[in-house]
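Just the one chain here, laid out as C-alpha coordinates, in the form predicted on its own.
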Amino acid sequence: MIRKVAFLSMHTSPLDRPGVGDAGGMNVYVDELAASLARRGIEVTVFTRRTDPSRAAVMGTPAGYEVVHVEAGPMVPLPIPRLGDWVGEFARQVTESVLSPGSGGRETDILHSHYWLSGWTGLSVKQATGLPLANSFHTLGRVKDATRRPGQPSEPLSRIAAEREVIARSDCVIASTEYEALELIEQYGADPSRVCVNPPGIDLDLFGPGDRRKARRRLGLDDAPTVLFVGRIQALKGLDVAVAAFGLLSERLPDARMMVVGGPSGPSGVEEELEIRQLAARLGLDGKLIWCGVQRHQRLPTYYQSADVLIVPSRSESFGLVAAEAQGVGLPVVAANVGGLRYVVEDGVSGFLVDGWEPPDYAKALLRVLDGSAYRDELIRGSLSAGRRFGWETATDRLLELYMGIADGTH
(Lines give C-alpha, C1' and ligand atoms only; values in the text may rest on other atoms or scores of the structure.)
Protein backbone atom coordinates (compact mmCIF):
# COMPACT_ATOMS: atom_id res chain seq x y z
CA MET A 1 0.00 0.00 0.00
CA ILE A 2 1.30 3.47 -0.90
CA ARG A 3 1.22 5.78 2.12
CA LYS A 4 3.89 8.43 1.46
CA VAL A 5 5.25 9.90 -1.78
CA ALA A 6 8.11 12.36 -2.35
CA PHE A 7 7.75 14.60 -5.40
CA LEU A 8 10.93 16.19 -6.78
CA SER A 9 10.39 19.45 -8.64
CA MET A 10 13.74 21.16 -8.42
CA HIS A 11 13.41 24.01 -10.92
CA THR A 12 9.90 25.23 -10.15
CA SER A 13 7.48 25.15 -7.24
CA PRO A 14 3.78 24.23 -7.27
CA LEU A 15 3.33 27.40 -5.22
CA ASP A 16 4.48 29.56 -8.15
CA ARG A 17 1.82 31.19 -10.31
CA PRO A 18 1.60 29.53 -13.75
CA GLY A 19 2.61 31.88 -16.54
CA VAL A 20 5.40 33.56 -14.56
CA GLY A 21 9.02 32.63 -15.32
CA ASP A 22 9.39 28.86 -15.68
CA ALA A 23 6.02 28.13 -14.07
CA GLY A 24 3.46 26.60 -16.39
CA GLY A 25 1.40 23.48 -16.93
CA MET A 26 3.84 21.34 -14.97
CA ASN A 27 3.24 23.44 -11.84
CA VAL A 28 -0.50 22.91 -12.20
CA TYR A 29 0.06 19.16 -12.72
CA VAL A 30 2.24 18.79 -9.62
CA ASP A 31 -0.15 20.84 -7.48
CA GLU A 32 -3.31 19.06 -8.56
CA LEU A 33 -1.77 15.58 -8.53
CA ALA A 34 -0.39 16.14 -5.02
CA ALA A 35 -3.80 17.42 -3.92
CA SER A 36 -5.56 14.43 -5.46
CA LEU A 37 -3.24 12.00 -3.67
CA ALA A 38 -3.69 13.91 -0.40
CA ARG A 39 -7.47 13.49 -0.72
CA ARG A 40 -6.83 9.73 -0.73
CA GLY A 41 -5.03 10.02 2.62
CA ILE A 42 -1.56 9.74 1.09
CA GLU A 43 1.17 11.91 2.58
CA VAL A 44 2.83 13.94 -0.19
CA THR A 45 5.95 16.09 0.17
CA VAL A 46 7.10 18.24 -2.74
CA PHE A 47 10.81 19.12 -2.70
CA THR A 48 11.70 22.23 -4.67
CA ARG A 49 14.65 24.62 -4.74
CA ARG A 50 14.31 27.67 -2.51
CA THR A 51 14.28 30.86 -4.60
CA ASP A 52 12.41 33.20 -2.23
CA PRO A 53 13.83 33.91 1.27
CA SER A 54 10.39 35.03 2.45
CA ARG A 55 9.00 31.52 2.06
CA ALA A 56 9.34 29.19 5.03
CA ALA A 57 11.57 26.15 4.74
CA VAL A 58 8.53 23.91 5.13
CA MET A 59 5.04 25.01 4.10
CA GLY A 60 1.71 23.27 4.32
CA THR A 61 -0.85 23.87 1.59
CA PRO A 62 -4.65 24.17 1.72
CA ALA A 63 -4.75 21.11 -0.55
CA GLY A 64 -3.21 18.98 2.19
CA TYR A 65 0.31 18.35 0.92
CA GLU A 66 3.62 19.81 2.10
CA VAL A 67 6.28 21.80 0.24
CA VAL A 68 9.92 21.68 1.38
CA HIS A 69 12.18 24.46 0.09
CA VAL A 70 15.70 23.11 -0.32
CA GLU A 71 18.57 25.61 -0.10
CA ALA A 72 20.69 24.62 -3.07
CA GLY A 73 22.40 27.60 -4.65
CA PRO A 74 21.54 31.28 -4.30
CA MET A 75 17.99 32.02 -3.15
CA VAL A 76 16.97 33.65 -6.42
CA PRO A 77 15.48 32.26 -9.64
CA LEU A 78 18.20 30.89 -11.90
CA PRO A 79 18.16 29.87 -15.58
CA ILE A 80 17.66 26.12 -15.91
CA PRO A 81 21.11 25.52 -17.50
CA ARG A 82 22.76 26.92 -14.34
CA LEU A 83 20.86 24.62 -12.02
CA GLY A 84 22.98 21.64 -13.02
CA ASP A 85 25.67 22.94 -10.66
CA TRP A 86 23.32 22.44 -7.73
CA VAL A 87 21.85 19.03 -8.52
CA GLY A 88 24.25 17.26 -6.15
CA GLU A 89 23.45 19.52 -3.21
CA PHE A 90 19.72 19.32 -3.86
CA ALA A 91 19.89 15.51 -4.02
CA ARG A 92 21.96 15.35 -0.82
CA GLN A 93 19.41 17.33 1.18
CA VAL A 94 16.45 15.43 -0.24
CA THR A 95 18.18 12.16 0.65
CA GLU A 96 18.74 13.32 4.24
CA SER A 97 15.12 14.33 4.55
CA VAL A 98 13.80 11.08 3.07
CA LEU A 99 16.00 8.97 5.34
CA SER A 100 15.08 11.02 8.44
CA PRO A 101 11.31 11.44 8.34
CA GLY A 102 11.21 12.77 11.90
CA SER A 103 9.27 11.74 14.95
CA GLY A 104 6.10 9.94 13.98
CA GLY A 105 6.79 10.38 10.28
CA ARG A 106 6.05 7.67 7.77
CA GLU A 107 8.73 6.10 5.64
CA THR A 108 8.65 7.23 2.01
CA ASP A 109 7.38 4.61 -0.41
CA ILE A 110 7.97 6.23 -3.82
CA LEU A 111 10.03 8.98 -5.43
CA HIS A 112 8.30 10.77 -8.31
CA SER A 113 10.48 13.28 -10.14
CA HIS A 114 9.21 15.88 -12.60
CA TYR A 115 11.27 17.17 -15.56
CA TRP A 116 14.68 15.99 -16.63
CA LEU A 117 16.53 18.06 -14.01
CA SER A 118 14.57 16.53 -11.15
CA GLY A 119 14.95 13.12 -12.77
CA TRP A 120 18.71 13.58 -12.65
CA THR A 121 18.37 14.45 -8.97
CA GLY A 122 16.06 11.50 -8.44
CA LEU A 123 18.65 9.02 -9.70
CA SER A 124 21.03 10.12 -6.93
CA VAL A 125 18.33 9.90 -4.28
CA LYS A 126 17.25 6.48 -5.58
CA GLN A 127 20.83 5.20 -5.43
CA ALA A 128 21.30 6.50 -1.87
CA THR A 129 17.97 5.34 -0.47
CA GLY A 130 17.05 2.32 -2.55
CA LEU A 131 13.60 3.81 -3.16
CA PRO A 132 11.83 3.16 -6.48
CA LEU A 133 11.76 6.12 -8.87
CA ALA A 134 9.05 7.19 -11.30
CA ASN A 135 9.75 10.13 -13.60
CA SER A 136 7.51 12.42 -15.64
CA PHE A 137 9.43 14.51 -18.17
CA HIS A 138 6.67 16.96 -19.21
CA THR A 139 8.90 18.02 -22.12
CA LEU A 140 11.66 16.18 -23.98
CA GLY A 141 14.76 17.87 -25.38
CA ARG A 142 15.00 15.87 -28.61
CA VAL A 143 11.31 16.39 -29.35
CA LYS A 144 11.64 20.15 -28.81
CA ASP A 145 14.64 20.22 -31.13
CA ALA A 146 12.70 18.44 -33.88
CA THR A 147 10.07 21.20 -34.07
CA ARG A 148 11.78 24.30 -32.73
CA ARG A 149 11.30 27.58 -34.55
CA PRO A 150 14.07 28.42 -37.03
CA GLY A 151 16.74 30.52 -35.37
CA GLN A 152 16.08 29.16 -31.88
CA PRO A 153 19.00 27.45 -30.08
CA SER A 154 18.97 23.68 -29.75
CA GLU A 155 18.71 22.00 -26.38
CA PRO A 156 22.07 21.46 -24.63
CA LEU A 157 23.70 18.08 -25.07
CA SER A 158 23.89 17.79 -21.28
CA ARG A 159 20.10 17.73 -21.14
CA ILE A 160 19.82 15.04 -23.80
CA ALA A 161 22.43 12.92 -22.01
CA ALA A 162 20.67 13.37 -18.67
CA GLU A 163 17.32 12.41 -20.20
CA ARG A 164 18.83 9.22 -21.61
CA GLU A 165 20.26 8.31 -18.21
CA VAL A 166 17.00 9.01 -16.38
CA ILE A 167 15.04 6.94 -18.90
CA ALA A 168 17.47 4.04 -18.61
CA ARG A 169 17.62 3.96 -14.81
CA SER A 170 14.13 4.96 -13.66
CA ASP A 171 11.82 2.18 -12.53
CA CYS A 172 9.01 3.74 -14.53
CA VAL A 173 8.83 6.63 -17.00
CA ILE A 174 5.35 8.13 -17.01
CA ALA A 175 4.19 9.45 -20.38
CA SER A 176 1.18 11.76 -20.67
CA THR A 177 -0.10 10.10 -23.85
CA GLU A 178 0.70 7.20 -26.15
CA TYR A 179 2.37 9.74 -28.46
CA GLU A 180 4.87 10.69 -25.76
CA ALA A 181 5.42 7.00 -25.02
CA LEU A 182 6.34 6.43 -28.67
CA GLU A 183 8.70 9.42 -28.57
CA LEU A 184 10.45 7.96 -25.52
CA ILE A 185 10.90 4.64 -27.28
CA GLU A 186 11.83 5.94 -30.74
CA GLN A 187 13.91 8.98 -29.78
CA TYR A 188 15.62 7.61 -26.65
CA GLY A 189 15.46 3.82 -26.93
CA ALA A 190 13.32 3.48 -23.79
CA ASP A 191 12.40 -0.02 -22.67
CA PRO A 192 8.69 -0.30 -23.57
CA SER A 193 8.04 -2.43 -20.48
CA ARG A 194 9.03 0.49 -18.25
CA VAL A 195 7.08 3.22 -20.06
CA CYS A 196 3.71 3.87 -18.45
CA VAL A 197 0.96 5.99 -20.01
CA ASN A 198 -1.13 8.07 -17.60
CA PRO A 199 -2.81 11.23 -18.96
CA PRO A 200 -3.02 14.14 -16.50
CA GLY A 201 -6.33 15.40 -15.21
CA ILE A 202 -8.06 18.74 -14.86
CA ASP A 203 -10.31 20.06 -12.11
CA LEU A 204 -13.71 19.38 -13.66
CA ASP A 205 -15.45 21.32 -10.88
CA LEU A 206 -13.42 24.43 -11.76
CA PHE A 207 -13.29 24.00 -15.53
CA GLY A 208 -16.93 23.50 -16.38
CA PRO A 209 -19.51 25.21 -18.61
CA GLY A 210 -20.53 28.77 -17.78
CA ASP A 211 -22.58 31.69 -19.05
CA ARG A 212 -20.56 33.42 -21.78
CA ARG A 213 -22.36 36.75 -21.40
CA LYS A 214 -21.76 36.82 -17.65
CA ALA A 215 -18.11 35.90 -18.15
CA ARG A 216 -17.70 38.71 -20.68
CA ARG A 217 -19.34 41.20 -18.35
CA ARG A 218 -16.87 40.23 -15.62
CA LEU A 219 -14.05 41.01 -18.03
CA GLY A 220 -15.66 44.16 -19.43
CA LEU A 221 -16.08 42.70 -22.93
CA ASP A 222 -18.81 43.16 -25.51
CA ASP A 223 -20.19 40.47 -27.86
CA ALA A 224 -17.47 40.66 -30.53
CA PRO A 225 -15.93 37.37 -31.79
CA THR A 226 -13.11 36.50 -29.39
CA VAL A 227 -9.98 34.41 -29.90
CA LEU A 228 -8.05 33.36 -26.78
CA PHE A 229 -4.39 32.43 -26.26
CA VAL A 230 -3.29 31.07 -22.86
CA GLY A 231 0.35 30.25 -22.22
CA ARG A 232 3.82 31.45 -21.42
CA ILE A 233 5.26 33.91 -23.90
CA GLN A 234 8.18 32.03 -25.43
CA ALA A 235 9.02 30.73 -28.88
CA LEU A 236 7.87 27.21 -27.99
CA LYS A 237 4.25 28.29 -27.45
CA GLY A 238 3.84 29.93 -30.87
CA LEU A 239 2.22 33.23 -29.90
CA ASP A 240 3.85 34.78 -32.97
CA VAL A 241 1.91 32.34 -35.16
CA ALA A 242 -1.30 33.04 -33.24
CA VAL A 243 -0.99 36.82 -33.67
CA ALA A 244 -0.14 36.54 -37.37
CA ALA A 245 -3.13 34.21 -37.87
CA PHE A 246 -5.38 36.61 -36.00
CA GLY A 247 -4.19 39.43 -38.25
CA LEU A 248 -5.39 37.46 -41.27
CA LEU A 249 -8.65 36.59 -39.53
CA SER A 250 -9.27 40.27 -38.81
CA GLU A 251 -9.41 40.95 -42.54
CA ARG A 252 -12.50 38.72 -42.71
CA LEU A 253 -13.92 39.59 -39.27
CA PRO A 254 -12.98 43.25 -38.61
CA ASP A 255 -14.73 43.35 -35.22
CA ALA A 256 -12.88 40.29 -33.85
CA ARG A 257 -10.46 40.59 -30.93
CA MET A 258 -7.83 38.38 -29.33
CA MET A 259 -6.96 38.02 -25.66
CA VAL A 260 -3.46 36.94 -24.58
CA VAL A 261 -3.22 35.46 -21.08
CA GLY A 262 0.32 34.81 -19.87
CA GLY A 263 3.68 36.44 -19.34
CA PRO A 264 7.27 36.22 -20.62
CA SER A 265 9.11 33.00 -19.83
CA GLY A 266 12.69 31.85 -20.19
CA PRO A 267 15.82 33.84 -21.03
CA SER A 268 14.30 35.31 -24.22
CA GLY A 269 10.74 35.78 -23.02
CA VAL A 270 10.84 39.56 -22.69
CA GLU A 271 12.44 39.90 -26.13
CA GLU A 272 9.81 37.53 -27.56
CA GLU A 273 6.96 39.62 -26.18
CA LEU A 274 8.49 42.83 -27.55
CA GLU A 275 8.85 41.32 -31.03
CA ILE A 276 5.24 40.10 -30.99
CA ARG A 277 3.96 43.49 -29.88
CA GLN A 278 5.88 45.01 -32.80
CA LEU A 279 4.35 42.41 -35.13
CA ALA A 280 0.88 43.29 -33.86
CA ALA A 281 1.54 46.98 -34.50
CA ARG A 282 2.71 46.27 -38.06
CA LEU A 283 -0.47 44.27 -38.66
CA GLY A 284 -2.64 47.13 -37.40
CA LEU A 285 -4.01 45.17 -34.46
CA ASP A 286 -3.82 47.99 -31.91
CA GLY A 287 -7.00 47.88 -29.88
CA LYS A 288 -7.85 44.38 -31.13
CA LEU A 289 -5.16 42.55 -29.17
CA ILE A 290 -5.80 42.55 -25.41
CA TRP A 291 -2.78 41.75 -23.24
CA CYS A 292 -4.26 40.28 -20.04
CA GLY A 293 -0.99 39.35 -18.33
CA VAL A 294 -0.62 36.45 -15.92
CA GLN A 295 -3.82 35.29 -14.22
CA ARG A 296 -4.43 33.05 -11.24
CA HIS A 297 -5.29 29.53 -12.29
CA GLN A 298 -8.65 29.77 -10.51
CA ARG A 299 -9.54 32.75 -12.70
CA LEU A 300 -8.84 31.04 -16.02
CA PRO A 301 -12.35 29.56 -16.40
CA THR A 302 -13.72 33.10 -16.80
CA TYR A 303 -11.40 33.67 -19.76
CA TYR A 304 -12.24 30.31 -21.35
CA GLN A 305 -15.97 30.90 -20.84
CA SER A 306 -15.79 34.39 -22.39
CA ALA A 307 -14.01 33.27 -25.58
CA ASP A 308 -15.27 31.71 -28.83
CA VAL A 309 -12.16 29.69 -29.65
CA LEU A 310 -8.76 28.86 -28.09
CA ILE A 311 -5.65 28.84 -30.28
CA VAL A 312 -2.71 26.60 -29.29
CA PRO A 313 0.00 26.72 -32.00
CA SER A 314 2.69 25.18 -29.77
CA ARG A 315 5.70 23.59 -31.40
CA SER A 316 5.82 20.85 -28.77
CA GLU A 317 3.41 19.70 -26.04
CA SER A 318 3.63 16.46 -24.10
CA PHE A 319 -0.04 16.87 -23.17
CA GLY A 320 -1.66 20.27 -23.77
CA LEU A 321 -3.22 21.27 -20.46
CA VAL A 322 -4.82 24.52 -21.62
CA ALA A 323 -6.55 22.67 -24.46
CA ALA A 324 -8.01 20.17 -21.98
CA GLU A 325 -9.12 22.96 -19.63
CA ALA A 326 -10.75 24.89 -22.48
CA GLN A 327 -12.67 21.83 -23.61
CA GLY A 328 -13.83 21.32 -20.04
CA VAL A 329 -15.83 24.55 -20.34
CA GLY A 330 -16.98 23.72 -23.89
CA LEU A 331 -14.55 25.95 -25.78
CA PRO A 332 -13.47 24.66 -29.23
CA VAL A 333 -9.71 24.51 -29.79
CA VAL A 334 -7.53 25.17 -32.84
CA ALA A 335 -4.17 23.53 -32.11
CA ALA A 336 -0.96 22.36 -33.71
CA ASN A 337 -1.01 18.73 -34.78
CA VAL A 338 1.86 17.75 -32.48
CA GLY A 339 2.49 15.68 -29.38
CA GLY A 340 -0.22 15.37 -26.79
CA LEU A 341 -2.43 17.90 -28.55
CA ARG A 342 -3.26 15.13 -31.01
CA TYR A 343 -4.68 13.18 -28.07
CA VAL A 344 -6.46 16.03 -26.27
CA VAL A 345 -8.12 17.69 -29.30
CA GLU A 346 -10.44 15.51 -31.38
CA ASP A 347 -9.99 16.87 -34.90
CA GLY A 348 -13.31 17.94 -36.38
CA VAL A 349 -15.13 17.08 -33.14
CA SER A 350 -13.82 19.36 -30.38
CA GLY A 351 -11.81 21.65 -32.65
CA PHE A 352 -9.24 21.44 -35.40
CA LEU A 353 -5.66 20.21 -35.62
CA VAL A 354 -3.37 22.14 -37.97
CA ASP A 355 -0.25 20.74 -39.61
CA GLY A 356 2.80 23.01 -39.40
CA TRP A 357 2.92 26.62 -38.28
CA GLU A 358 1.80 28.68 -41.27
CA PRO A 359 -0.50 31.51 -40.07
CA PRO A 360 -2.95 31.22 -43.03
CA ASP A 361 -3.72 27.62 -42.03
CA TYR A 362 -4.57 28.68 -38.47
CA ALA A 363 -6.60 31.64 -39.71
CA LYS A 364 -8.65 29.29 -41.89
CA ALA A 365 -9.30 26.97 -38.94
CA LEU A 366 -10.28 29.87 -36.69
CA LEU A 367 -12.73 31.12 -39.30
CA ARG A 368 -14.35 27.67 -39.48
CA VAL A 369 -15.14 27.98 -35.77
CA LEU A 370 -16.23 31.62 -35.89
CA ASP A 371 -18.30 31.69 -39.08
CA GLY A 372 -21.59 31.44 -37.19
CA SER A 373 -22.74 28.16 -38.69
CA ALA A 374 -24.52 25.39 -36.82
CA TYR A 375 -21.21 23.48 -36.92
CA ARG A 376 -19.99 25.67 -34.08
CA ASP A 377 -22.68 24.24 -31.78
CA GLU A 378 -21.49 20.75 -32.69
CA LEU A 379 -17.93 21.74 -31.80
CA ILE A 380 -19.07 23.07 -28.43
CA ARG A 381 -20.83 19.78 -27.66
CA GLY A 382 -17.77 17.89 -28.85
CA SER A 383 -15.50 19.98 -26.63
CA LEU A 384 -17.59 19.30 -23.55
CA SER A 385 -17.54 15.58 -24.27
CA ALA A 386 -13.77 15.57 -24.88
CA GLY A 387 -13.10 17.58 -21.72
CA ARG A 388 -14.98 15.10 -19.53
CA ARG A 389 -12.25 12.50 -20.24
CA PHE A 390 -9.75 14.26 -18.02
CA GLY A 391 -10.95 13.99 -14.42
CA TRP A 392 -8.29 13.64 -11.72
CA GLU A 393 -9.95 10.64 -10.07
CA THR A 394 -9.24 8.42 -13.08
CA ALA A 395 -5.68 9.75 -13.41
CA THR A 396 -4.98 9.15 -9.71
CA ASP A 397 -6.39 5.62 -9.78
CA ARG A 398 -4.06 4.73 -12.63
CA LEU A 399 -1.06 6.43 -11.02
CA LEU A 400 -1.51 4.51 -7.77
CA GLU A 401 -1.55 1.29 -9.78
CA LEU A 402 1.75 2.31 -11.37
CA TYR A 403 3.22 3.22 -7.99
CA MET A 404 2.23 -0.16 -6.54
CA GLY A 405 3.72 -1.92 -9.54
CA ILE A 406 7.17 -0.41 -9.10
CA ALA A 407 7.03 -0.52 -5.28
CA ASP A 408 6.53 -4.31 -5.27
CA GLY A 409 8.75 -4.90 -8.30
CA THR A 410 6.03 -6.20 -10.60
CA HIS A 411 6.44 -3.39 -13.16
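All values reported here derive from a predicted model rather than from experimental measurement. The numbering used is simple: start at 1 and walk along the sequence shown.
Note that the form predicted in complex with a small molecule isn't included here; everything after this is about it.
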Only hit among 249, 261, 241, 172 for heavy atom within 4.5 Å of the small molecule in the predicted bound form is 261
Of 322, 335, 307, 94, the only residue with a heavy atom within 4.5 Å of the small molecule in the predicted bound form is 322
With a 4.5 Å heavy atom cut-off to the small molecule in the predicted bound form, the contacting stretch among 225 to 233, 188 to 196, 69 to 77, 160 to 168 is 225 to 233
Residue 28: touches the small molecule in the predicted bound form, heavy atom cutoff 4.5 angstroms: yes
Taking the shortest heavy atom distance, is residue 297 within 4.5 Å of the small molecule in the predicted bound form?
yes
So, in the predicted bound form, is residue 317 in contact with the small molecule at a 4.5 angstroms heavy atom limit?
-> yes
Quiz item: Though only this chain appears here, would residue 237 touch the small molecule in the predicted bound form if you measure heavy atom gaps against 4.5 Å?
Solution: yes
